[in-house]
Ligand code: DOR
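In structure tokens, one chain follows: the form predicted alone.
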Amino acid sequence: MHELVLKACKTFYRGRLVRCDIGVDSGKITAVAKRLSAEHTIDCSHKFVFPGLIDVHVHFRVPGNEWKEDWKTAGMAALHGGVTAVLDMPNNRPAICDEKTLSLKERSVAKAACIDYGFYLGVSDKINELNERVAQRIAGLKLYMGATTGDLLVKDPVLQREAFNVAARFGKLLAVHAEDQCTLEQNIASAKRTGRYGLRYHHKIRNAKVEAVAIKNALALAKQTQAFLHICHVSGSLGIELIKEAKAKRLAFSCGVTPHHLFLINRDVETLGNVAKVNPSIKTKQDRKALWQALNSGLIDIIESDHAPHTLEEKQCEYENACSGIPGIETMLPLLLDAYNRKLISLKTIFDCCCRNPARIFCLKGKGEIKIGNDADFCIVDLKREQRIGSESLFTKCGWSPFEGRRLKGCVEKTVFKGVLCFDDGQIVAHVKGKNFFVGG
């Protein structure tokens, strides 16, 4: 007799699509079989069950920008989206770039986290101060090769190389925001000189070349230093071609793509306004086509939300002053489920890119698969249920989405975290304390 059984689950188990019961005890998966009995059950017939999703790229804004988001609202948004584990970026206030600021963030988040988590450490001129004690407490390093939100830009190629060397020395993954600052500055100067500076030109200012130059440099540094590279939020066809060539040569690295780059194009940005201003930019229909082809061919490893909330007031101003970033953690899976229903993506690709690959690449033990001994984290979805994205149903503190008004087929109905039903049919119904993967086991 188990504490909890998920009955008649359709899910991926041992690499195959199966129908099974999943037994849960003390927050762990303890059995997978045809029929199991339990004190409590969740009927999953006519549903599909994913392991809890893992979002390796979020900006939960603590410390320093809690008016945009905090770990209570972000955690609820994550559970709404079927996400039970995240890796949070370091461009906070203060930036998380040394042991002092990392400790500040650890203390702040530990009090409020209702999902599991880890942190990146930002690359700065303090990178050579990294020691083994601190390295063990982080998911990886984050290198900003181009300017974006925060003050962690690293333009100096010598310091960029040193970041790769340090990552290799400590065996840590190095995640890169791949936009080349020198190329970007040239484009900005040209745009202002020709009068082509504004939101409608954002994808030309931060164009595919800006990204490709940075990706080329990052791949070269990864090869030279043997550091493991993760290229964040790939957005353009030129970058995809470089990634394809590097993977053909068996260079060890990974890359991710975001929902906003998969589901929007530059024409949508002109309609939506600054709410769709994001770095790297949302590009052309041809770039989006290249991303989908790369995703479905297995070239892209991870789908990451890049959840980056700002208030509408910060968005509703002149282009140059409008913050860049889009909230997306609770709309990521619904958009992908709708794409599945439109035959744009398979359930296996969603599972691989949102569950299995993130756990494997970032070494998150107990996550990413339906497996005996793993954490009892589940996302239960109705593949046929239709929903409309509306601000009234969002849990993110910023309270808006660029996808507002879209009607989607496929819906997250329940999220189970550590064996506890935490999200159920639009409501947070329980709160379970999350843990830091890299601190205290």
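Counting begins at 1, following the sequence as shown. Quick caveat: nothing in here was measured; it's all calculated off a predicted structure.
The same protein also has a form predicted in complex with the ligand, omitted here; what follows describes it.
Which of these residues, Thr148, Thr183, Asn266, Thr101, gets a heavy atom within 4.5 Å of the ligand in the predicted bound form? Only one option qualifies, and that one is Thr148.
Can you work out which of Leu174, Ile96, Ala85, Ala308 has a heavy atom no more than 4.5 Å from the ligand in the predicted bound form? Of the candidates Leu174, Ile96, Ala85, Ala308, Ala308 is the one lying within 4.5 Å of the ligand in the predicted bound form.
Might Val278 be said to contact the ligand in the predicted bound form, defining contact as any heavy atom within 4.5 Å? Yes, Val278 lies within 4.5 Å of the ligand in the predicted bound form.
Can you tell me whether Ser324 touches the ligand? I mean in the predicted bound form, with a 4.5 angstroms heavy atom cut-off. Yes, contact at 4.5 Å.
Can you work out whether Asn274 and the ligand are in contact in the predicted bound form, taking contact to mean some heavy atom pair no more than 4.5 Å apart? Output for Asn274 is no: heavy atoms all beyond 4.5 Å of the ligand.
Exercise: Tyr117 in contact with the ligand in the predicted bound form, heavy atom 4.5 Å: Flag for Tyr117 set to no.
Which of 33-41, 379-387, 400-408, 57-65 lines the interface with the ligand in the predicted bound form (heavy atom within 4.5 Å): Heavy-atom contact with the partner occurs in 57-65.
Under the 4.5 Å heavy atom criterion, name the residues of 83-102 that approach the ligand in the predicted bound form, in sequence order. Result: Asn91 alone.
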